[in-house]
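Read the single chain below, which is given as C-alpha cells and is the form predicted on its own.
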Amino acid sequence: MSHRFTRRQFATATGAVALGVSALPAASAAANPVAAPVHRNFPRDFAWGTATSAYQIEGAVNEDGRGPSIWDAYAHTPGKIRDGSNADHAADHYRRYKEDIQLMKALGVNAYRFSIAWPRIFPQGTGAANPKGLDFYNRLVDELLANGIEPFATLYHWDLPQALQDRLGGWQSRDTAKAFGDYAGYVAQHLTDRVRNIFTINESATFIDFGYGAGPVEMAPGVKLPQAGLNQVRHHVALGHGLAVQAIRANGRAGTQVGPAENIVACVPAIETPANIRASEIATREMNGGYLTVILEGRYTDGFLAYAGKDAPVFTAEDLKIISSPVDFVGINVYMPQHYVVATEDASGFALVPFPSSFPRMESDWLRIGPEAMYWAPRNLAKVWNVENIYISENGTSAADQPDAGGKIHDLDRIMYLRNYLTQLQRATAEGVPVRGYFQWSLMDNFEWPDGYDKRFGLYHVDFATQKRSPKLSAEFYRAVVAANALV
C-alpha cells in the first residue's frame, strides 16, 4: 500500500486448521447475508479483490538469487524506520503463499493484485535473468488460478534493484526507464499466458516526492534533489511506464491488458454545485499534471510547465509519444480527498480549500476521512479523459486493531471506513462510471514502509512472531459485500 507520506464458500474449519489458518466463523451472520436491495448492487462481473506488494509481505530477501532493493538498504539504515524494523521476513508470504491464497478464498474474492519484485527477476536490474525468481511467480499465479482467483500483477511497487541506484542514481537516469522496459518485456513474455492484466508502476507521486524530494516523510532511496532534478525523475518514471506498455504489447500474449496504478490527486467539489463540479474537473487535470495527465494526453499542461518554469523536465516529442502509449485501463489508489475545490472567476477556474484542524482522520494521522473521494476520483477520471475502464487498485485504512480478551479484533472503525467508501463507489457505478473492480488494501498486515509494523492495514491480523494469520471483523464484512456483490 502506500499513502501520501508511504463468492466462494468459506474454507471449512477443518481445512483451515490443516493449513494453520484461523478461518472466519462459519456460522456468522455474514455467511448468509440478507439480499441487498437492487439499488445497492454493484455491476455484474465486478472484480472484487485484495492487494499487496512484494517487499511488504514476501520476506526471503536473500533467497533463491534475489538481489537487494533500495528498500533493503534503506530499512537497514538506523533511524529510517519508525520501529527500527525491516522486511527481511515481513509476512513470510514467499513460503506461505498457498496459505495466503486460502485466506483470499475464504473472503470469496475473485481477483488478487500483487507485485513482482524486480530484484527477484533481475538481481542487478539488468543483464541475466534469475530463473528461480520467475519460478516463484509462476507458482503463485498457478495457485491463484487453481483457486479461481484472477491474478493482476504490478511490475513496480517501489523495490528498485539497489544496483540501479548505485550505478545510475535510480530514476534520475533515463537508463533506468529503459531497464524497466526490458524487465517488463521479460515478465510479459513469461507470464501473460496466464496473467491477463498488468499494472505498470504503483503510485509514482508517492515514491518520487518522498524518495527523491523533500516530502514531509522520507522514503527509499532517501535522496533529496532540487526541484529540477525531481521533475526530471518524474519524467523518467512516466517514460518508464510508456516503455513498459510498449514492451508488454511487443512481448505479451494478445489480449493482455495494461495500465498504471496511480495515487490520483482526488479533487472533490466542496459543495456540489455545477460551478464547483466543473472546478473539480479542471483541478483534477491540473493537479495530476506531472503523471496521469501526460500519460493520458501526451503533453504536460501549460499550467504544469509554467509552474515548473526553469525547473521543467527536459523531454522530447518522442518521449511524449512513448509516455502516452495507449492503455487499456487506469488504476487509481483512493484513500482520501487530497483537495476540496471551489470555483473562482480567475484564469485557473478553481481554488483549493484548506483543511480545518478538526477534519476527521483515521488511525494514521495522514488519512483524512472523505468517502466522497471514492465517487469523485473515478467520476472525474472518466469525465476529463474519457477513460472507459477503471480499477480502484487500492483502498483501505489502518486501525489500532486491539484484540479483546479472547483475541478477537473488532475493527469497527475499518468497517465504518470501508462501508462509507463503498457507498460512494456504488453511487459512481450506479451512475455509469466505468469502474470494473475494487482491490481492498490489504489482505493482511504487512511492513508499512517508514512506519514498519506500527501500522496495520490488513483484513487479517498477522502475529509477526509466529506468522499466524487471524481474521478481523472487517474480513467478515468484506466477505459479505463480495458474496452479495452489494453494500451490506
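The shown structure was predicted, so the numbers you read here are calculated from the model rather than taken from an experiment. A residue's number is simply how far along the shown sequence it sits, counting from 1.
The same protein also has a form predicted together with a small molecule, omitted here; what follows describes it.
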Whether 217, 335 and 366 jointly form a contact site for the small molecule in the model of the complex is the question; each needs a heavy atom within 4.5 Å.
yes
In the model of the complex, the residue from 210, 122, 74, 329 that sits within 4.5 Å of the small molecule by heavy atoms:
210
Looking at 380, 197, 263, 115, which is the one with a non-hydrogen atom within 4.5 Å of the small molecule in the model of the complex?
263
Indicate whether the small molecule has at least one heavy atom within 4.5 Å of a heavy atom of residue 284 in the model of the complex.
no
I'd like to know if residue 288 sits close to the small molecule in the model of the complex, meaning any non-hydrogen atom pair within 4.5 angstroms.
no
Any non-hydrogen atom of residue 280 within 4.5 angstroms of the small molecule in the model of the complex
no
Is residue 421 near the small molecule? Define near as a heavy atom within 4.5 Å, in the model of the complex.
no
If contact means any heavy atom within 4.5 Å, which of 348-356, 234-242, 200-208, 160-168 contacts the small molecule in the model of the complex?
200-208
